[in-house]
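The chain below stands alone, shown as structure tokens; this is the form predicted alone.
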Amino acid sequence: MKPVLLVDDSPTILMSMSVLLSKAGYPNEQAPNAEAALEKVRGGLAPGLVITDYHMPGMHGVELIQELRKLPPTRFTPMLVLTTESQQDKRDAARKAGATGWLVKPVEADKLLQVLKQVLPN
């Protein structure tokens, strides 16, 4: 199974998401910002799913998705935005950039796992 790439500038969110995914049997990699995520993919990581925060220092989540869509390993990878934002214009921008879906924080563990089952290839 390909790992889930988690991208968030909050160490607490990264840790809690990683523990949740690991307990549910999903291998995962973490990146504290968009630049680190791009570096991992350019270094050979081919994730089965990317979950990124919207607001991060430097490059934000939608910009990350735009950049990941340009790289062969992630061109067709499902990508979810996990954020406190719920504004329609930001959702539209994320979808236009190539986001597969949008989850509003805080997301319940069972809802997140249900979404993973829907978007990850078997």
Partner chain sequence: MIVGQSLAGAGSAKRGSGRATVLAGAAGLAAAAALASLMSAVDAGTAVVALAAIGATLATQVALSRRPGDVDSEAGSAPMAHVRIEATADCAISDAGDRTPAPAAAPLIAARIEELVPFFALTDAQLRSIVEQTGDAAIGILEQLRNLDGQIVAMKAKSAASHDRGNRISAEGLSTDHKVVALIRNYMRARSEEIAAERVHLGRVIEQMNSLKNLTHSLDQIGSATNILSLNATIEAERAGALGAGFKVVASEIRALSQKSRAAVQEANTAIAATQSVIESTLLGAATDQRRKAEAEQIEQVLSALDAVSQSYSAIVAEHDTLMAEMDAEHAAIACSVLDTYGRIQFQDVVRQQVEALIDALTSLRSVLDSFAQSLVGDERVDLTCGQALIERLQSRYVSNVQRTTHAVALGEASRSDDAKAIELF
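This one's a predicted model, so the numbers in the text were calculated from it and none came from an experiment. Residue numbers count along the first chain shown, from 1.
Not pictured, yet referred to below: the form predicted together with its partner chain.
Residue contact check: Leu49 to its partner chain in the model of the complex, 4.5 Å heavy atom: Output for Leu49 is no: heavy atoms all beyond 4.5 Å of its partner chain.
Residue contact check: Ala34 to its partner chain in the model of the complex, 4.5 Å heavy atom: Answer no; every heavy atom of Ala34 is more than 4.5 Å from its partner chain in the model of the complex.
Leu80: touches its partner chain in the model of the complex, heavy atom cutoff 4.5 angstroms: Result yes; Leu80 sits at the interface with its partner chain in the model of the complex.
Touches its partner chain in the model of the complex: Val119 (any heavy atom, 4.5 Å): It does: once its partner chain is placed as it appears in the model of the complex, Val119 has a heavy atom within 4.5 Å of it.
Residues in 70-88 close to its partner chain in the model of the complex, defined by a heavy atom within 4.5 Å, in order: Heavy-atom contacts to its partner chain in the model of the complex: Leu80, Leu82, Thr84, Glu85, Ser86, Gln87, Gln88.
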